[in-house]
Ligand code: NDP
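Presented as structure tokens, the chain that follows is alone, the form predicted on its own.
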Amino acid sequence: MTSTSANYQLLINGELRDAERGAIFVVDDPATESVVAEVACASVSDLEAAVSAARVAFDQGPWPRLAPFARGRVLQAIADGIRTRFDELAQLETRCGGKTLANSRNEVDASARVFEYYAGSADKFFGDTIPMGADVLDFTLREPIGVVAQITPWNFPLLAASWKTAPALACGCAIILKPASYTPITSLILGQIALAAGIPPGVFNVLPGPGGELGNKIARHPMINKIAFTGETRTGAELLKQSADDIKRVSLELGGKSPNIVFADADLDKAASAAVSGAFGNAGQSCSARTRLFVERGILETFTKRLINSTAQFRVGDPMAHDTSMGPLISSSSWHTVNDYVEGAVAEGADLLCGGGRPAGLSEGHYFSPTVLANANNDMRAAREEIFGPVVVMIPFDDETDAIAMANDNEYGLNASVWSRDVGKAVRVARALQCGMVSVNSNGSASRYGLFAPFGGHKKSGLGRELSMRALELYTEEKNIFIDHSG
């Protein structure tokens, strides 16, 4: 391990400060296993300080009372600040998270666009006037929900933080951002950018630290009005339980086991190429990864050859290199978890067509080969549970009804893809799938192309919708006002 290259502090009430107990933790580079930085480790006492600051900023400060267009100008300044530090942020996303530099650059740019979008939305989200007669005025208001705790994941650190903080700020809320311990640095920098853009002290606080200790306190804290969480499903369910006594508002973006359905009439070359990037992009560490690949039985052999050829061209290596398709997994424990799933699937009878284990020539770092498991069935553990690694399970199907039934036979319902040249069939299947998002002839989703469509899932994949104007509903309460002015 090399020596640390940087030190980062907590952000509380507009000030950078050490953790009250002086604790720190180390952020490692998953590609080299070297130290990137030391980061202050927040405790419950630091959380209390941040909550108090946020409460005062919301109850007494100017931010929720600003004209919405004035808040919008500050959000635009945050977008400009992200672009000013574009290269620094992209490099840190790659060094801390292992994603390719090309992906990191795309995500930094998307983060800036998120703030631009909500800068423009701040004065375009409002209540309604309800006609009730000449002597009655009835209307609704959208008011900021208050102090919001936002817990973000390690797989899309800056982008996930932007998805949450931008709409909350647009609505006038005060924020306590709790980034994942693997990848907290760009969230800390985002907080500094927000301060420089004009966010008042106490409105944007950043607390890296242990998820269990802080999460339990956040869920039960009476001065926190809402929790927005992205992460593992069991953790989200526990937060929901713990916050129930306060009837705290909670939104959850959780796991997925997304189906990718390829019919015989699809463009097979395009579908095979997209199946690879859809399953192995970001090393498969995405809740939207298309990891259950359902292929119509009549084209199984033909499609499998195309899939293996496309996988062979998916280059694993140094995430800083321009020609790398996939970097390492986030940690050693993640590597062993993924490997256990692959070995378990083979023991259950699946065929390992390619991948499995460490790629040749990569002796250090948490690299795992893109892996295709064939001759699988929908009951195998690797086909039912979220692996969060570069593993796709191929399952044959006989007809449209069979594909829909197997795709829906899972506790998750986040994303899906349908491949067919028959538009009628594609629409029928898309409507029948029990999930929040469906892509036809694509492995992407609306978030890939813009910010105008809602992102979220059914079943155990979460509660609520992020992105689009829908996200503003998460951070406001609706109030109805009825006025009788007769006489």
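In case it trips you up, residue 1 is the first one in the sequence shown, and so on. As the structure is a prediction and not an experimental result, all values here were calculated from the model.
Quick note: we don't show the form predicted together with the ligand, though the next part is all about it.
At a distance of at most 4.5 angstroms from the ligand in the predicted bound form, none of the three residues 29, 100 and 335 contributes a non-hydrogen atom. In the predicted bound form, the ligand lies farther than 4.5 Å from every heavy atom of residue 131.
Though the partner is left out of this view, residue 186 does not reach within 4.5 Å of the ligand in the predicted bound form, counting heavy atoms only. Put simply, residue 278 is far from the ligand in the predicted bound form: not one heavy atom of it is within 4.5 Å.
Although the partner is absent here, residue 268 sits far enough away that none of its heavy atoms falls within 4.5 Å of the ligand in the predicted bound form. Contact with the ligand, judged by heavy atoms within 4.5 Å in the predicted bound form, is confined among 71-79, 398-406, 197-205, 382-390 to 382-390. Here is the short version: of 413, 191, 328, 179, the single residue with a heavy atom within 4.5 Å of the ligand in the predicted bound form is 179. Checked against the ligand in the predicted bound form, the candidates 106, 375, 216, 84 yield a single residue with a heavy atom inside 4.5 Å, and that residue is 216.
Residues 209, 210, 211, 212, 215, 216 are the members of 191-218 with a non-hydrogen atom no more than 4.5 angstroms from the ligand in the predicted bound form.
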